[in-house]
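Shown here is one chain on its own, the form predicted alone, set out as structure tokens.
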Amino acid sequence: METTRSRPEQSIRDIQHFGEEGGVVPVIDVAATSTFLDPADMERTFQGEMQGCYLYSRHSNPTVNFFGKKLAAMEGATAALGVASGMAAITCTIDQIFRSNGKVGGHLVSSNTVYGGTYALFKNILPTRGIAVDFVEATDLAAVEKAFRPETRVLYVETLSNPLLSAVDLRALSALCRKRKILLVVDNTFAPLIVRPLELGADVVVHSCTKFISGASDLIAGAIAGSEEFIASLIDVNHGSVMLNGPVMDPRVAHELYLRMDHLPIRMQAHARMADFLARRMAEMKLPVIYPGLESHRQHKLLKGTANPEYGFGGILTLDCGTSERARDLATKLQDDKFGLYAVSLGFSRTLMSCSAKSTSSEIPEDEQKAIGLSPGLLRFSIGYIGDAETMWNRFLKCWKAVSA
């Protein structure tokens, strides 16, 4: 890489951010390592004395950086970094925060309704690293504050919880955290574009880009957004959790995501329109549906006051079928009738269905599932946007009546 020191006079070609010959999108730079004209520059880069140089793709990559800039803009962050998966984003963020003060251990407070993989990480892995974890009802501000200790470093929540779709008051939680110098980390996977947690006081935002940001269920990726200082710390050659643990984003994946983010707003609007339509039809029939866009949702007013109205209330809804057997029966019939597919994950163009208690929340013990209100018959729907809304409703209604009979 040529540095500004070796080439002080730059032309437009030197600073052009898009393709090699001025293309409208970045090229895919798959190089694993980068050249230095001056060996001293490489040494300074390793020592952290020189910034902005490409050294090795585990440290930074041009294509991954372009994706990071676009995601940072979406979240209103000063910087962002693509990583290999959503769990890599969570793991590296937590690891970096707890190692940043040079001390071993600490304490983390987490919402008690989080993705099952997150729960397992916090419950089973963090304690082995000397980090104590308490799970609390994050919509209860008094309970959250009571759970804080002098050694608490992080409060972790989801914008819309998986799978119960509860919405937290990020402004109020941020105020609690700032009083005690605790960092607020928010998983915004369910609500890209709908909510911008950093503007509401969050310190770090993580995403599973596998979901809505990808939109095609064909790749695994994650992202971390926050301050320039924090993102830089993640790739520090001596102390960076992403740099040293190695869960980097492949440049080919970064390029795909960079392109797909341009139509993410259109997709999010389409998901929300279909989800809102189906949820309201279910509510009219007095079915036990949970959807943040319904006035009956416990935090509907809260979310309405913080969400971007242009993008609705998301593409996820749940329906309590009472028992896991009935949920599976309904899902089978819906799949056979081309309403959706029985599969985990979310954000796909077609509807995906899963019984959360037995799949993406199965890491949470049954007694804790009961305590947080997770019914064994809860069927989670990631509503797609393919198909006519009335047709999809008629297919659902036909299958529901068959199960009910």
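The first residue of the sequence shown is number 1, and the count goes up from there. Nothing here was measured: the structure is a model prediction, and the numbers come from that model.
Not on display, but discussed next: the form predicted in complex with pyridoxal-5'-phosphate.
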- Message: To verify the annotation, which of these, Tyr115, Phe98, Phe122, Tyr311, has a non-hydrogen atom within 4.5 Å of pyridoxal-5'-phosphate in the predicted complex?
- Response: Tyr115
- Proximity to pyridoxal-5'-phosphate in the predicted complex, single hit among Arg267, Lys211, His255, His107 (heavy atom within 4.5 Å): Lys211
- Each of Ala167, Asp276 and Leu317 near pyridoxal-5'-phosphate in the predicted complex, meaning some heavy atom within 4.5 Å? no
- Message: Under a 4.5 Å heavy atom criterion, is Ile90 part of the interface with pyridoxal-5'-phosphate in the predicted complex?
- Response: yes
- Query: Can you check whether Ser111 is within 4.5 Å of pyridoxal-5'-phosphate in the predicted complex, heavy atom basis?
  - Reply: no
- Task: Tell me, yes or no, whether Glu75 is in contact with pyridoxal-5'-phosphate in the predicted complex, where a contact means a heavy atom of each within 4.5 Å.
- Result: no
- Determine whether any heavy atom of Ser241 comes within 4.5 Å of a heavy atom of pyridoxal-5'-phosphate in the predicted complex, and answer yes or no. no
- Stretch in contact in the predicted complex with pyridoxal-5'-phosphate, which is absent here, among 99-107, 155-163, 137-145, 283-291 (heavy atoms within 4.5 Å): 155-163
- Note on the structure: Restricting to 123-155, the residues within 4.5 Å of pyridoxal-5'-phosphate in the predicted complex through any heavy atom are none
